[in-house]
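Next comes just one chain, in C-alpha cells: the form predicted alone.
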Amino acid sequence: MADGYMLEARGLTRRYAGFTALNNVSFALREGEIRGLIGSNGAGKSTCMDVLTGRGKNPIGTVRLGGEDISKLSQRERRAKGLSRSFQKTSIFPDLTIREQVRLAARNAELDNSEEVISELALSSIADRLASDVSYGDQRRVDLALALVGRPKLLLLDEPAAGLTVEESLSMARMLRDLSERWKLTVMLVEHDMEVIFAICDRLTVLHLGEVLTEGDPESVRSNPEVIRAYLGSSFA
C-alpha cells in the first residue's frame, strides 16, 4: 500500500453539460482513518462519492484503492476489490427479514460474514423480523450491515445518520469508530450532523462549489475563518 494510503483520489473532475460539479479534487485516506466529507448542498459531495464508486460516465482523475488503480473499473468490480457504499435512502427490502437480506448481500461477497455483521451491529434480537416491522433506526443499521458484508477495505457512507435521533446518531458513530479500529476499516462519510462528524472523524475535507476549500483535523476545520464564512449561520459559526 503506497505510503500507507487506503484511498487516493487525484484530480477528480466531473462536468455535466458545461457545468463543473467537481473540479480537480484530491485527497488521501490512511488505513483505518475515518474522514468526513462535508459542505453545503451543491458543494459536490455526492458527485465525489459517485466518482469514487464508478457511478456515471467519463469522470476525470485517478482513484487508487490500497495502491491499486481502480479508475477504469465498474461499480461491481470496485465492490469486489473492497470498496463498499451505503446511500442516504434505505435500500432494504421491506418484505424480507433482516437475516435474509444480509445473507442475500453475502452471496456476491468473497467472504460470507453475515452472522458476524448481524452480531456486530446489535441486530441479532430482531434478525428474523421483517424489515418493515422494525424501527427506522434499526433499518439504518440494516443498511450499514449490508455495506459491511464481506468486510470491505473502504466504506463510503452517504448521511448514515439521516433521520435518526441524537441518541441513535451518536450510537451509530460509536459503533463505526469501534469497527474501524478493530477491523482496520477505512471510512469516508458525508454527513450534515456535526455532532456525529466531530464525535467520529479523524480528519475532514470541506468541499465548496465543487472544490476543496480546506482539509484538516476537526477542531482546526471548525475554527477556520474560510469555513465559517462559507457556512455562515450553520453549526460551524
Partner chain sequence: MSSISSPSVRGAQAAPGQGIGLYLAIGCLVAVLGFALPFVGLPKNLLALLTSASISAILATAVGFLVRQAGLSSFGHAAFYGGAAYAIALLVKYTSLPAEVVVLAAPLLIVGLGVVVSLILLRTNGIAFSMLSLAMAQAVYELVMKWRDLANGEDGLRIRFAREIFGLKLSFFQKADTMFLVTWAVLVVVIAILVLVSRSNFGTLTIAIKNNEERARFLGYRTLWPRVVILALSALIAALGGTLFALYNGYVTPSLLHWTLSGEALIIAIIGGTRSVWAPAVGAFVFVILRDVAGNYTTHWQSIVGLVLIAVVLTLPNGIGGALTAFTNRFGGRQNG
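Quick caveat: nothing in here was measured; it's all calculated off a predicted structure. Numbering follows the first chain given and starts at 1. The term rigid core refers to the most C-alpha atoms you can superpose between the two forms while keeping them within 1.5 Å.
There is another form of the same protein, the form predicted together with the partner chain; it is not shown, and what comes next is about it.
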- Message: Using a 4.5 angstroms cut-off on non-hydrogen atoms, would Asp112 count as touching the partner chain in the predicted bound form?
- Response: no
- Message: Does any part of Lys72 reach within 4.5 Å of the partner chain in the predicted bound form? Heavy atoms only, please.
- Response: no
- Query: Do Lys153 and the partner chain share at least one heavy atom pair within 4.5 Å in the predicted bound form?
  - Reply: no
- Query: Does the partner chain get within 4.5 angstroms of any non-hydrogen atom of Thr53 in the predicted bound form?
  - Reply: yes
- Message: Residue by residue through 85-105, which ones have a non-hydrogen atom no more than 4.5 angstroms from the partner chain in the predicted bound form?
- Response: Arg85, Ser86, Phe87, Ser91, Ile92, Phe93, Pro94, Asp95, Leu96, Glu100, Leu104, Ala105
- Could you tell me whether the Cα atom of Ser71 shifts by at least 2 Å between this form and the one not shown after core superposition? no
- Message: Once both forms sit on the same rigid core, is the C-alpha displacement of Lys153 at or above 2 Å between this form and the one not shown?
- Response: no
